[in-house]
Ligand SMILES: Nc1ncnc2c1ncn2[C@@H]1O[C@H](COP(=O)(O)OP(=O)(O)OP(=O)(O)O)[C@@H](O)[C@H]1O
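Starting off, we have a lone chain in the form predicted on its own, written out as C-alpha cells.
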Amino acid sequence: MRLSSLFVHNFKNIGELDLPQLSGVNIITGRNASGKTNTLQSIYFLSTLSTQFKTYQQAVRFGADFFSVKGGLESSGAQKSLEVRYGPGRDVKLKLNGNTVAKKSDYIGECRVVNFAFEDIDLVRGTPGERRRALNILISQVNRGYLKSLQKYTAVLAHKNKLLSEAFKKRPDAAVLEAFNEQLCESGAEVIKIRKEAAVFLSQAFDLAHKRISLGLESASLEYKCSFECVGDLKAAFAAKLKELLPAEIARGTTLIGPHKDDMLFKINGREAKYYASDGQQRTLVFSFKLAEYRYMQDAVKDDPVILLDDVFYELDADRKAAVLEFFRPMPQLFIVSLEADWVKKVFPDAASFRISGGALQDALQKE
C-alpha cells in the first residue's frame, strides 16, 4: 500500500498543501512550527479519522470554516481516492473514489498507517484509556467487524450510564437495564475476544522486536488485563458479573466493568514497565510495540501499512539514527519528519524531500 498523492486545506496551521507525486520514502523538513508534524497528522487523520483534539472543530485552521484532506492510494494494483471534509455544518463528509460513504466503519481501513511519534511514550506511562484507544485504532484498521461491535458497545454503554446516572432521582427500570446489559454482553464479548487475540500476536511480535533492539538482554511482553475474569464463555462471564454488580452500579451511577475498563500492560523482565522501566527502556518498549503494530497489520491483511515517523530520532546520535532507520528499510512507504534531511539521505539516497514553511510547501525535490 502506498499513498500516491496528498492534498490538505485548512488543517491545523496548513493553508494549502498539494503533493501530487509521493515517493516510497518522503522526507519532510522545515523549521519548528512550520507544519511538518501537521502534514503527518493530516495523513493519520485521512486514514483513521482520529486527532489529538476533542473535537474536529479544533483542527480547523484559524480564520477558516472548514478543512479537507484528500489522498490518492495505490493498493494491490488498484487506484483509490480518499477524502475527508469537515465543514460549517460541523459534520464530517467522507468520500471513497468520489462516492459518499455514510459510515465511518465503511471508510476506516482503506488506508492503513502506523504512526511513530515522540509522545507515544504515553502508551507506557499514560492511562488505560490511552492504551485502549491505541488498540482500538490499530484493530479497527484491519477489522471492520471489530469497529462495528465497538461502536455498538459504546452507544449502548452511553444509554445505560445515562439511565444509571439518574438513579438518584428514581430507581432505574429493571427491564430496561437488563436489555442494555444483554446488548453490552453481546457486543462487549466480541470486542474483548478480538482484543485478546490481537494481544497474543502483538506480544509475540513485540518481544521479538524488543530482543533485537536490546540485544537479547531484556524480555518484554504485553498482557491484556480484563476488568472481570474473562475466561471460557466471555458473554456468559460478562453477564454474570454485571448481574452481581448491579446494586453497586446503581449506587455509583455507572457501569463498572466491560471493555471500556480493560487495559493492556507493558512488561519488562516480568514487571510492569510503567513503574519499573527507565526512560530509555520505556522508549525502547514503545518503539518495539509500534514495530509489532506493523507486523500485526501486515499479517492481518497481507499488505504493508504506511509508516509515519515524527520526531523520534532527535535524542539519538548519528550512528544510532542510522541503526534505527535500518528497521524501516524493507517497508514500502515512509514519511519522515526531520529538521535536516542529510542524515536520512545517507540511508535512503532515493528519498524525496519536501520543505514546509508557514503551513505551505516551500520546496520539493525528487531524488536530490
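From a predicted model like this one, the values you see are computed outputs, not experimental measurements. Numbering starts at 1 and runs along the sequence shown.
The discussion below concerns the form predicted in complex with the named molecule, not included here.
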Practice task
Only one of 333, 48, 34, 68 comes within 4.5 Å of the named molecule in the predicted bound form by heavy atoms, so just point that one out.
Solution key: 34
Handout entry: residue 12, heavy atom within 4.5 angstroms of the named molecule in the predicted bound form
Key = yes
Problem - Distance check, residue 343 to the named molecule in the predicted bound form, heavy atom within 4.5 Å - result: no
Exercise for the section: Give a yes/no on whether residue 53 approaches the named molecule to within 4.5 Å in the predicted bound form, heavy atoms considered. Expected result: yes
Exercise for the section: Considering only heavy atoms, tell me if residue 309 and the named molecule come within 4.5 Å of each other in the predicted bound form. Expected result: no
Problem - Partner contacts in the predicted bound form for 37-75 (non-hydrogen atom within 4.5 angstroms of the named molecule) - result: 37, 38, 53, 58, 59, 60, 61, 62
